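Consider the single chain below, provided in structure tokens and representing the form predicted alone.
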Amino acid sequence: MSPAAANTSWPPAEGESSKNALVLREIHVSFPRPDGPFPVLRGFSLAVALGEAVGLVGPSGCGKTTVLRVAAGLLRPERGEVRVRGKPPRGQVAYLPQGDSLLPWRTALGNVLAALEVDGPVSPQARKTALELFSRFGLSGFERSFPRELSGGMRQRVALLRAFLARRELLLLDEPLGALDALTRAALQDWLAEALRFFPRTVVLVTHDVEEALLLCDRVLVLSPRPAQILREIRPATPRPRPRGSPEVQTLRLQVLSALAQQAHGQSG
């Protein structure tokens, strides 16, 4: 499948705005430096449909995390519009930053329930549901364990389960599996695919693993070096999750890597 032109991500077609979970329009962000403003995003636009999973890949430092922070309402852009279901983003999203961000003084169950406590007292039924999910998602027996007692893979499962239980339509994931070894990462990719089937959400996934994005996402956007722009939009023909060794995944992976390599060559030339 040939990558589509980047500008198909914005604006949404007439009458489609109500179907978008996330809209970023003409976002401008720069950071202060002694020699002047350092541009990270310049006119960045993106629309993500309800229920869609979108992967963002690009060179290190291109602005992928900045996109997520703007979408989460944690960073106010200098210019541009941010809407989650037509509203300002604060309180509308679940955001998992790099690292698991678990509270070390709380048990695994306590960390998961923290997502529900944001909205008020946790009911006995909600606690029971959380305990059932520990069993379903391979965490049975670790409910009372503290983060220091868990492996990296289990810590990340707890963090992801907490994000899913946050009762937010939009889920923003920043390199959620980036700190894991290759075997654990592959297992967690399968786990995450299952979780997305069980908890349908709109997802924006930032990752350096091109294959991961192609396995888990409906659409993969290739970003340029900063200030980030969308260079290519790739839509796999088959529905997610896709078999790891499928010809389609491998073909598209080479397309994405080629686009990234061309950018790196262009910058160094």
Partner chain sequence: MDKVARHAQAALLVLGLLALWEGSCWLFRLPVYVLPAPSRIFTTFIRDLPLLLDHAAVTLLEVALGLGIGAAVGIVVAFLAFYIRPLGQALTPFLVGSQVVPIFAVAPLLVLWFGYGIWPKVAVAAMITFFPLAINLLDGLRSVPLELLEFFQALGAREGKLLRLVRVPAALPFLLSGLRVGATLALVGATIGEWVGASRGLGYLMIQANARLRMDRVFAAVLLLTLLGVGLFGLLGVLERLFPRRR
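Numbering follows the first chain given and starts at 1. Everything numeric here is computed off the predicted structure, so don't read it as measured data.
As for the form predicted together with the partner chain, it is not shown, yet the points below apply to it.
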Examine Y95 and determine whether its closest non-hydrogen atom to the partner chain in the model of the complex is within 4.5 angstroms. yes
Can M154 be called a contact residue for the partner chain in the model of the complex at 4.5 Å between heavy atoms? no
Contact test in the model of the complex: S101 vs the partner chain, heavy atoms, 4.5 Å: yes
Should A114 be classed as touching the partner chain in the model of the complex when contacts are defined as heavy atoms within 4.5 Å? yes
Can all three of L74, W105 and A163 be found with a heavy atom no more than 4.5 Å from the partner chain in the model of the complex? yes
G120, P124, G141, G86 - the one with a heavy atom within 4.5 Å of the partner chain in the model of the complex: G120
Interface check vs the partner chain in the model of the complex: of R219, R201, R69, R226, the one with a heavy atom inside 4.5 Å is R69
Name the stretch, out of 126-134, 182-190, 78-86, 143-151, where some heavy atom lies within 4.5 Å of the partner chain in the model of the complex. 143-151
